[in-house]
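Only one chain is included here, represented as structure tokens and corresponding to the form predicted alone.
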Amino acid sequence: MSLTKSERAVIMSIWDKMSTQADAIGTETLERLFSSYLQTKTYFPHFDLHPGSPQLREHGSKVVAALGDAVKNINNVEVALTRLSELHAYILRVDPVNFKLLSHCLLVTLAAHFPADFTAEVHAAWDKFMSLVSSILTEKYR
């Protein structure tokens, strides 16, 4: 799956806005994930999963930073996410479906933070980008 030039531009445009609120967006995305898909909590038994907890904020920042690496390397997302793919597949053994759930929660969070900017075109581009990210993160499972 490849992104068109216009999709890449749309993704980078939203990333520019998103990066200034990265911690809040990452934390809110995880809060949505854990409250909507309770089974995802099983991977974090050592975390305080209460809204706004320091551990949730820290991990949310890591998630958004990884997405930032993918955006910065948008022409070669695979290279940017290889280490993360190996970590989640071989060490953490995260169920691959969780990446799709996280993607959905991120899209909802972006729509909530940027309602005027999150048009159908933006939604479609980010959905495609997150599908690419999810595919790369699950590629080591195959």
Partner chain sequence: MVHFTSEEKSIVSALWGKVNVEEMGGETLGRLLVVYPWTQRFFDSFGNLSSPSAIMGNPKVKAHGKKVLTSFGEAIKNLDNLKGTFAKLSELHCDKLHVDPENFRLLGNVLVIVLATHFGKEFTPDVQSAWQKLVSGVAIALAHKYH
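From a predicted model like this one, the values you see are computed outputs, not experimental measurements. Positions refer to the first chain, counted from 1.
Although not depicted, the form predicted in complex with its partner chain is the subject of the following passage.
The candidate stretches are 91-99, 72-80, 52-60, 108-116, and the one lying within 4.5 Å of its partner chain in the predicted bound form by heavy atoms is 108-116. Although the partner is absent from this view, residue 16 stays clear of its partner chain in the predicted bound form, with no non-hydrogen atom inside 4.5 angstroms. A residue is said to contact a partner when one of its heavy atoms sits within 4.5 Å of a partner heavy atom; residue 39 fails this definition for its partner chain in the predicted bound form, lying far away. Looking at residue 12, you'd find every heavy atom of it more than 4.5 angstroms from its partner chain in the predicted bound form. The shortest heavy atom separation between residue 23 and its partner chain in the predicted bound form exceeds 4.5 Å. Interface residues of 30-50, taken as those with a heavy atom within 4.5 Å of its partner chain in the predicted bound form (partner not displayed): 31, 32, 35, 36, 37, in sequence order.
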